[in-house]
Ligand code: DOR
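Before any questions on binding or motion, here is one chain by itself as structure tokens, the form predicted on its own.
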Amino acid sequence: MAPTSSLLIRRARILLPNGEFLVGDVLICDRQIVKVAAEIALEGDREIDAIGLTLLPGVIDPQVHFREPGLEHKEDLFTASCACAKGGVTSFLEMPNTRPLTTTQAALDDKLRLAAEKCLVNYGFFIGATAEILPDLLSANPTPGIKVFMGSMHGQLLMDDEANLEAIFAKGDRLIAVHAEDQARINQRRQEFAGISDVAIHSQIQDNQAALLATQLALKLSQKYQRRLHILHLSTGEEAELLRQEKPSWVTAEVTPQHLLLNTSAYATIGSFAQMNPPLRSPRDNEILWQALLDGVIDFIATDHAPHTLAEKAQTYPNTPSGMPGVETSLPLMLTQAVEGRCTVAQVANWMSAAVAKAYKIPNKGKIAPGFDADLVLVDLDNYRPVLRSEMLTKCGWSPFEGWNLTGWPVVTVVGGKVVFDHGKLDTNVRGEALTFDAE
């Protein structure tokens, strides 16, 4: 057996599971938190003086597109996990629209193998649904669930036929996560607005109604079969109000920082960098989504990190691809909102860690308590720093939030008891582990 190694974090402002703070110490042995106390008399093999810093559970980002295999010119598992470590993201759940698609156990195994070789943080991978229900859809493991693209997709992963969707909901009990946009509505709107090259038209083509129609259908099928449903990147006020009225206990929903903090006015300033699916909405949508998050109608936060190169984004609409990076900025974006009074630090930690672990049944994650995994981030809530393109570790090298002045930047990130990011420097020898998703 390998010798036990210990890490001691001293004099941090520790977020406890009850939402209160304790200025004290955390002792970590190997991968687990062993003790949390006002003062720990022991010495650690390695010690971190965290005076003035706040210790939070590491972020679990439940929706990312890391592009490997097949699209590594945009991002790969190594560069993406470096960006995660810098952003305080200690675990991620990645989507199946890579090349080849993650629709079989063999493809899932290949991603797990690549991640074990390359990832500085913990990882999990969704399996994708296709119209032809492949035999591994319900048996492939480990996976957080089935990803269904109801719209904004082409090829095998597009599931825009209600009968095909119903076949997925009717069989098995695995969580279904939906990208809810109505493809027929999008196709119709594309014809109506054909020939317009202003990227701002994107929010009108894939409009609020396209999102609402798909979410209504997913909810209907979920209720019919009592099937565990998760609605990815909720973007409209209409969807939030629908869930406020009609959200069964087995349904969860998420929102991205960009749908809370950006809106259609961003097209005028950052152009195609503002283009994503589902699109940015109105300031009114921002406000309704915020209220739904604060009220618990929306359960947690994801980035939908979906990078494209600068050259790809420089094309003319509709040839510009949809998507933006997010893992490096999501935590400081949300902590800045907390410092400015929009929410609390404890709420941010819940939305970005504990609630995600609960929804996806990821054991021993999301809390700073004995017996939990030592996936942690120390953040500085006292100093502001701008988002700079030159500092981005994502391979695409840009951010839609460039120039935003944020606080809550990670200073130290710990994955599995090992320091992976420390005052701007990465330890690229650290490796995360495959996440598990307990049945109960």
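These numbers come from a predicted model, not from an experiment. We number the residues from 1 along the sequence you see.
There is another form of this protein, the form predicted together with the named molecule, and it is not shown here; the text below is about that form.
Engineer: Given that the partner is absent here, state which listed stretch (389-397, 45-53, 60-68, 409-417) has heavy atoms within 4.5 Å of the named molecule in the predicted bound form.
Structural biologist: This holds for exactly one stretch, 60-68.
Engineer: Answer with yes or no whether D304 is in contact with the named molecule in the predicted bound form, where contact means some heavy atom within 4.5 Å.
Structural biologist: Residue-level check for D304: yes, a contact with the named molecule.
Engineer: Looking at the partner-bound form in the predicted bound form, is P318 within 4.5 Å of the named molecule by any heavy atom?
Structural biologist: Answer no; every heavy atom of P318 is more than 4.5 Å from the named molecule in the predicted bound form.
Engineer: Find out whether any non-hydrogen atom of R281 is located within 4.5 angstroms of the named molecule in the predicted bound form, and reply yes or no.
Structural biologist: No, R281 is distant from the partner.
Engineer: Residue-level contact is defined here as any heavy atom of the residue lying within 4.5 Å of the named molecule in the predicted bound form; does I298 satisfy this criterion?
Structural biologist: So I298 does not count as contacting the named molecule.
Engineer: Though the named molecule is not shown, can you say which of K111, H308, K86, H230 has a heavy atom within 4.5 Å of it in the predicted bound form?
Structural biologist: Flagged contact: H308.
Engineer: Looking at N277, Q337, N286, T252, which is the one with a non-hydrogen atom within 4.5 Å of the named molecule in the predicted bound form?
Structural biologist: For this set of options, the contacting one is N277.
Engineer: Looking in the predicted bound form, is the named molecule within 4.5 angstroms of a heavy atom from every one of N141, G172 and F437?
Structural biologist: Looking in the predicted bound form, the three residues N141, G172 and F437 all stay beyond 4.5 Å of the named molecule (heavy atoms).
Engineer: Counting only non-hydrogen atoms and a 4.5 Å cut-off, give the residues of 145-163 close to the named molecule in the predicted bound form.
Structural biologist: F149, H154 sit within 4.5 Å of the partner.
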